[in-house]
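Next up: a single chain in structure tokens, the form predicted on its own.
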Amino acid sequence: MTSSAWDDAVTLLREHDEVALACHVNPDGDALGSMLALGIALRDMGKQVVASWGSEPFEIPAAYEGLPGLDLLVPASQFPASPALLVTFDTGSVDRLGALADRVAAAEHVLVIDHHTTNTCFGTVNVIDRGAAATAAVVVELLDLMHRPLTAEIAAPVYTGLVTDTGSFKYAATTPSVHLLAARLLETGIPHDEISRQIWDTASFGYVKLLGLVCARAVLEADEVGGLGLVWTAIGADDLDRYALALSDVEGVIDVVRMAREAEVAVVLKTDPEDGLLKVSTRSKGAVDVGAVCASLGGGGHRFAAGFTSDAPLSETMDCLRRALAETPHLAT
């Protein structure tokens, strides 16, 4: 990425008085947090801002219900049809915008802000820092270039994006610069303990029950992934219905499954109640590039945390994934 991309992004954000923000479907903490952070900053500059994502039902994940800036959000049906400036966050390809995908072609300018290595650069301006730990960190870089203050209201969603994409500072993406950014955010006075508790340590009793169920059905295949081991489980649409949960409520399941020391790669397959498709999440402990594996299957993500969507039955999807994992080279650890 050239320095001109940063300059062009700053120019677009300064020159447009109306800005439409969009993140990927079923947003995680980084997608929503980075979008809200820039949205708040732009509103503070006196601009008209709307933000959304293209999945139904349009519901704010419970873990993020306390974030500032939620009043910027509108359902996809109320999102501008042809925005002068469309800004996307944490979204590697147009299809990940779901019902908002058609806005890319309709917009006059498209600014893509991301950190995924698999981003397809679908914007007229692409600010993609593949070395950043989170898209929220890229937003802070932009705000610094715009000489905008890092207020507590902006820092809270940025911190949300940072802690979710670093696994509460546990993942390999956690660098000294990540901790320095975290220090800047804490200096604003944000309630970091409350934010983290809401994300990591708060769930419904239904989730606790479902967690026991899906862990009980987990399968360990020690000989897969070239002998490094694979552990996987599945969550059906009937499971979600039984415990009154949404897909966004079960994102943390894979962080439990990946704890199995006998497996290098962990996989959770979730059936989307809306379309019946399988949403496949993968994690690696460092010896396998699951981002490349998922990209070969039509998805993408990071080297050690990635996913893809499958319209095939579960058994066929797992067979395809096993083959892809068997063929991928092992990384030096």
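Treat the numbers as computed from the prediction; the structure is a model and nothing was measured. The numbering used is simple: start at 1 and walk along the sequence shown.
Another form, the form predicted in complex with a small molecule, is not on view; read the next lines as being about it.
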Just checking whether Arg258 would be counted as a contact of the small molecule in the predicted bound form - the rule being heavy atoms within 4.5 angstroms.
no
Quick one: does Ala63 come within 4.5 Å of the small molecule in the predicted bound form, counting heavy atoms only?
no
With the partner left out here, check for me: in the predicted bound form, does some heavy atom of Thr309 sit within 4.5 Å of the small molecule?
yes
Do Ser281 and the small molecule share at least one heavy atom pair within 4.5 Å in the predicted bound form?
yes
Would you kindly say which of Leu269, Ala305, Val49, Leu67 lies with a heavy atom within 4.5 Å of the small molecule in the predicted bound form?
Ala305
On the criterion of a non-hydrogen atom at 4.5 angstroms or closer, are Arg96, His116 and Gly300 all touching the small molecule in the predicted bound form?
yes
